[in-house]
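The form predicted on its own is given below as one chain in structure tokens.
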């Protein structure tokens, strides 16, 4: 029996290489601490890492691994090389990744009032990832971790490692003391632009440590509520960037909204455009409709992708968020809600598939054209 044309086309697509913009590599403190100054190594040994964990139950006992998948086991302690090989066998090779952007797994330093310690951890983590992960596979690209609580120290760290050839972005958690459009953060954006690095906001750390509650109404009870609230936090950051005039001051800055959903952005932009028309006398520095700043300066990752019950509505929403320019595929591996590139999307037309699964990310991160 002959296969249908769509099935044949899908098989051909799956043989093409893609770019995955969200791979959570491990950064265990017992290894990262080797890159800390002696003072902080002793502090961690004596008092612990002072990191915080989620207050919501996240899917699986670990909150991370895909159901049914076990970690590599051996009689001796696992090395980072073992873990990278595991990622190769489970993700990079079977799904034909041309490049994968590492986003690590622990953003808890963004909750700490001890800013010097947060800065030391960020530097140690950046050095650990460069030596233990990026050096192991040329397909892997890294993110700069910063102590965002202190923009001056953050800029210093970006300037220290931002020129590394395998570093492609700066990353922070969405839990923050101030919305990211606030002028407090300007030194970070100056350093991002200097090194041509996008500024990526990844969901997490809302309501933990020194960060405010995860919603405007306070704390929620269940993880499902927390997931539902993520767009609220990210929408506040997006509106802050636009109305505070960040993209007028830094027109070359690119911002990535990661793991907060996708389709909510369409009505959010409609509302912001409408409010801008009625209230623009309060923000005369915002010279264009918010939707235009979004299209020029903002990108959004696909996981978790909402699928409307109506395919026609799905296509219209993709058009409304300029998916052919602004949407990036990401898997969120190895989390339990990992989005396989073979299953994450309904069938897309060829040109849009190319943009979402490769070209948009290549353009954003300055990566070469596909080899395979």
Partner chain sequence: MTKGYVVGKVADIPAGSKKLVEAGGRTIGVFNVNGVFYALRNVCPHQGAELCKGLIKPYVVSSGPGHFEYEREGEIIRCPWHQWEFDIKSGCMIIDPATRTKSYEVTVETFGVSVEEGDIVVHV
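Numbering follows the first chain given and starts at 1. Predicted model, so just to flag it, every value in this text is computed and none were measured.
What follows is about the form predicted together with the partner chain, which we do not show.
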Exercise for the section: State the residue from 166, 136, 190, 244 whose non-hydrogen atoms include one within 4.5 Å of the partner chain in the predicted complex. Expected result: 244
Fill in the blank from the handout: Note: exactly one of 79, 282, 196, 232 sits with a heavy atom within 4.5 Å of the partner chain in the predicted complex, namely 282
Practice task
Using the partner position in the predicted complex, report whether residue 226 sits within 4.5 Å of the partner chain, counting heavy atoms only.
Solution key: no
Practice task
State yes or no: in the predicted complex, is some non-hydrogen atom of residue 276 no more than 4.5 angstroms from a non-hydrogen atom of the partner chain?
Solution key: yes
Exercise for the section: Determine whether any heavy atom of residue 222 comes within 4.5 Å of a heavy atom of the partner chain in the predicted complex, and answer yes or no. Expected result: no
Problem - residue 186, heavy atom within 4.5 angstroms of the partner chain in the predicted complex - result: yes
Exercise for the section: Would you mind picking out the stretch of 261-269, 282-290, 141-149, 112-120 that comes within 4.5 angstroms of the partner chain in the predicted complex, counting non-hydrogen atoms? Expected result: 282-290
